[in-house]
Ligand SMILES: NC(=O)c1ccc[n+]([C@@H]2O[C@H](COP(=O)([O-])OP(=O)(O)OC[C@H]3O[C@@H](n4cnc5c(N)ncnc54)[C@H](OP(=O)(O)O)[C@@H]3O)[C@@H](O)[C@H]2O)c1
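First comes one chain, alone, set out as structure tokens in the form predicted on its own.
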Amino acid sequence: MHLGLEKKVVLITGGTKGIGRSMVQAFLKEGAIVHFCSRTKNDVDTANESLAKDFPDGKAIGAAIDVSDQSQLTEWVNSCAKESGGVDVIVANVSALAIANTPERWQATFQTDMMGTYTMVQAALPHLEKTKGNIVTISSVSGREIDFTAQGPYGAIKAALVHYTSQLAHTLAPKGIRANTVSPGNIYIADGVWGNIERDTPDFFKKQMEANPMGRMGKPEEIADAVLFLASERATFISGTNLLVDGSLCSGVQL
């Protein structure tokens, strides 16, 4: 299936590890120009070196950015647009991954997940209007179901992201801009959350693994493929959806 992503300018936050890293690689394979960021400079430098080797004919540009800093994030979006001649796709992927039910973690999650997404969208909108581009936000099944992350901020803020993205889809449709959410289920990454849980609390890991009807957790590449499709020319009439990629982990009916 031809996705029509060649030479499209794609901005991805949190692009050095896990799902973000897989998305960067997936867009590069499709011939897109990819700008990505991470808060840690060493991670960005390592990713830039690795991507240059793996995709010698591609164009990936990483930068060290704290998405909770409004001015930094806005400047990054505008600099990417200037360098590559516009913006076609933005993927808001960064999360504070906070579960602890404390005021500090609620504030950090709101600032990173919610305001980071909002700031990225607001900065990109003038560029997306010119390209009739689209927005993909990364939420979670925890935004739909009450799970082990309750009563902390993670699920509540992820649910807010789904609602915000639906608002964007409705209000921006007349301008030709699409907006969709992808909600991953349990995604296994060796150096990520579930890899750490497997090593540190194996009993809890076993319990959560058993909750997956397919008998396995997902792969970051499977999330990247879903994002690619929604961002592509094959999904031009899809906007306002929350695409669950969870191996049927969620048991309720999505209305």
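Note that residue numbering follows the sequence shown and begins at 1. Because the structure is a prediction, the values reported are computed rather than measured.
Keep in mind that the form predicted in complex with the ligand is missing from the display, and what follows is about it.
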**Asked** Out of the stretches listed (26-34, 59-67, 45-53, 199-207), which one is close to the ligand in the predicted complex, meaning heavy atoms within 4.5 Å?
**Response** 59-67
**Message:** My question is simply whether T40 lines the interface with the ligand in the predicted complex - judged by any non-hydrogen atom within 4.5 Å.
**Reply:** yes
**Prompt:** Are any of the heavy atoms in S95 no more than 4.5 Å from a heavy atom of the ligand in the predicted complex?
**Reply:** yes
**Item:** Close approach of G247 to the ligand in the predicted complex, 4.5 Å, heavy atom
**Value:** no
**Message:** Taking the ligand as it sits in the predicted complex, is P184 in contact with it (heavy atom to heavy atom, 4.5 Å or less)?
**Reply:** yes
**Prompt:** Which residue among I135, V87, I157, I138 has a heavy atom within 4.5 angstroms of the ligand in the predicted complex?
**Reply:** I138
**Prompt:** So which residues in 2-39, when you check the ligand in the predicted complex, have a heavy atom no farther than 4.5 Å from it?
**Reply:** G14, G15, T16, K17, G18, I19, G20, C37, S38, R39
